[in-house]
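This document opens with one chain alone, in structure tokens, the form predicted on its own.
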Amino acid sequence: MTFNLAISFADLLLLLPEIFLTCWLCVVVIVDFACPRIPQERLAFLSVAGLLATLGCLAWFDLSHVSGALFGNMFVLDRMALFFKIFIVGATALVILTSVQYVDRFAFFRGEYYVLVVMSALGMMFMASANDLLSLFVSLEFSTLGFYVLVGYLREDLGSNEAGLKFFILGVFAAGLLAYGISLVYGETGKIVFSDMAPTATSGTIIGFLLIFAALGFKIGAVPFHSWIPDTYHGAPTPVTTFLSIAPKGAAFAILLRIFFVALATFKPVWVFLLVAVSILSMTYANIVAIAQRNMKRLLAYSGIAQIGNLLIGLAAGTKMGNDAILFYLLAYLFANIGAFAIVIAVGQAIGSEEIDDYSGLNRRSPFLAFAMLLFLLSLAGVPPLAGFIGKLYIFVAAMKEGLYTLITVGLINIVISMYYYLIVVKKMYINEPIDPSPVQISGTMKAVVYVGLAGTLVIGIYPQPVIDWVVGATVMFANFAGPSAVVTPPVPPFGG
């Protein structure tokens, strides 16, 4: 097996966003060490500036339809990779803005926090372009390395220590599954590039790919690979929880799409049943268990597991339309979820608690935060005319066109179940009396994140057509793999333009 690894300067332009962010990461490290007395807020804004510059470069690439492949097709830059990179970088910038005041709780290594966050984002950007088993393993472990440290960053907090230990142990176990699965697939096919595997894949590769799916299932938190999520989300610093709940899931779905629709395209009748089963388990288990939660971070943790079940509906559809729906749903989930966690951070800093009961009377203490949380929870539940409703509609239509009526029925039932525990929070905010009537203060950076979340949730819900056009173009590479439903024009939602 040989690869042509020779690349020209023009080829390096495909790596320009990653190269720039790597250099900017070095700048942040140098500034942190050279200026030990610099306020950590300036390091935060310096990190955000680098991420925004990277975001601008990625947007220019997307608008210019820049594409190509490097290192024998091990690294690909197509519109789908650009979508996920924009998703990851945008989410990372918002997470850093939510961290500005929270970082004051860290006794040590405040500057290193931003370095680790940006480093994890850099690893996930490489994941979005990974087109073979080797780059998949290296980029995934590179991005996870930062999370191992970030989850246990509150060194004096036993909950954070426990969360970090559990995440590390299960993360290493998932890495072992991934490495073993890769070895089985390579031993059977003699190939590592996904597109090269498609003609040589045999039934003997199924076990290897099942192990790879189990490892990626750990990253996205699908049942039965979800056991780390509640305790890790609960114990980790809340901005880290926010980061974990969004960016790694997008990066993992970038890999899953390439594996199922490129490497395993000929085995679609087999893997559809697997995805249907995991989707049903994830939605049903998470929504039922979420009802009993008394902590906001744990409730949002189980809500996230249920949202993964919804995303797997689109993957189970096995069509380009289903893939379009996944990308749209991820954007809707990004805005609602990061907005909800921003409010959890703001309320937690103001009252020193993250229990649901402490949200009692929030409408009297901060009408803005209560109203924003109401919209975010309703979007997660799938209530029109918010972005979450359009996302669920898009995914269900894709599944309906493939005849997955049982999966759709279970999904609709789970929407009703999720409404119950979301409305429990709403009831406490608007009906219950506040324990402490003093106003809840919110910083300027946190307000900015909440406003971005509200804008995305409302605009995408009311006028989704531009986003639909974007995601349809991003997944055009799958038109040849997804069967007869691949070229179906997406429905114009009832609130679309």
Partner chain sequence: MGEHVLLYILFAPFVGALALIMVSNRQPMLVRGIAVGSTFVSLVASVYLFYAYDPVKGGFQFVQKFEWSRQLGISLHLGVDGIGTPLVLASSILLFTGVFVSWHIKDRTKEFYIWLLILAAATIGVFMSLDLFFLYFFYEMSVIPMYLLLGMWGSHTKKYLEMTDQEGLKLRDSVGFIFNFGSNSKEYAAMKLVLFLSAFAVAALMGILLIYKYSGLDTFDILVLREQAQLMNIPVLGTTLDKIIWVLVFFGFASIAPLWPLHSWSPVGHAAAPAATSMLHAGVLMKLGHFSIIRVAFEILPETTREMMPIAAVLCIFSIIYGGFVAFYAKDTKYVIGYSSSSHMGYVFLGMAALNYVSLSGAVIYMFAHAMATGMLFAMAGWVYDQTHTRDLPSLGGLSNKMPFIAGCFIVGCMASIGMPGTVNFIAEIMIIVGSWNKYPFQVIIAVLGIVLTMAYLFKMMRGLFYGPMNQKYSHAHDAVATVDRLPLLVMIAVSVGFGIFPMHLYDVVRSGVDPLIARITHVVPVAQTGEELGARGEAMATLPVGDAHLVETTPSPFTPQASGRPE
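Positions refer to the first chain, counted from 1. Computed from a predicted structure; not experimentally measured.
The following text describes the form predicted together with its partner chain, which does not appear among the structures shown.
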Exactly one of 262, 419, 193, 174 comes within 4.5 Å of its partner chain in the predicted complex through a heavy atom, and that residue is 419
Among 378, 211, 256, 100, which has at least one heavy atom within 4.5 Å of its partner chain in the predicted complex?
378
All of 49, 72 and 76 with a heavy atom within 4.5 Å of its partner chain in the predicted complex
no
Sort through 139 to 147, 155 to 163, 223 to 231, 359 to 367 and report the only stretch with a non-hydrogen atom within 4.5 Å of its partner chain in the predicted complex.
359 to 367
May I ask you to check whether residue 403 falls inside a 4.5 Å heavy atom distance of its partner chain in the predicted complex?
yes
Residue-level question: is residue 60 within 4.5 Å of its partner chain in the predicted complex, judged on heavy atoms?
no
Exercise: residue 431 in contact with its partner chain in the predicted complex, heavy atom 4.5 Å
yes
Quick check on residue 409: any heavy atom within 4.5 Å of its partner chain in the predicted complex?
yes
Residues in 376 to 412 close to its partner chain in the predicted complex, defined by a heavy atom within 4.5 Å, in order
378, 383, 384, 385, 389, 390, 393, 394, 396, 397, 400, 401, 403, 405, 408, 409, 412
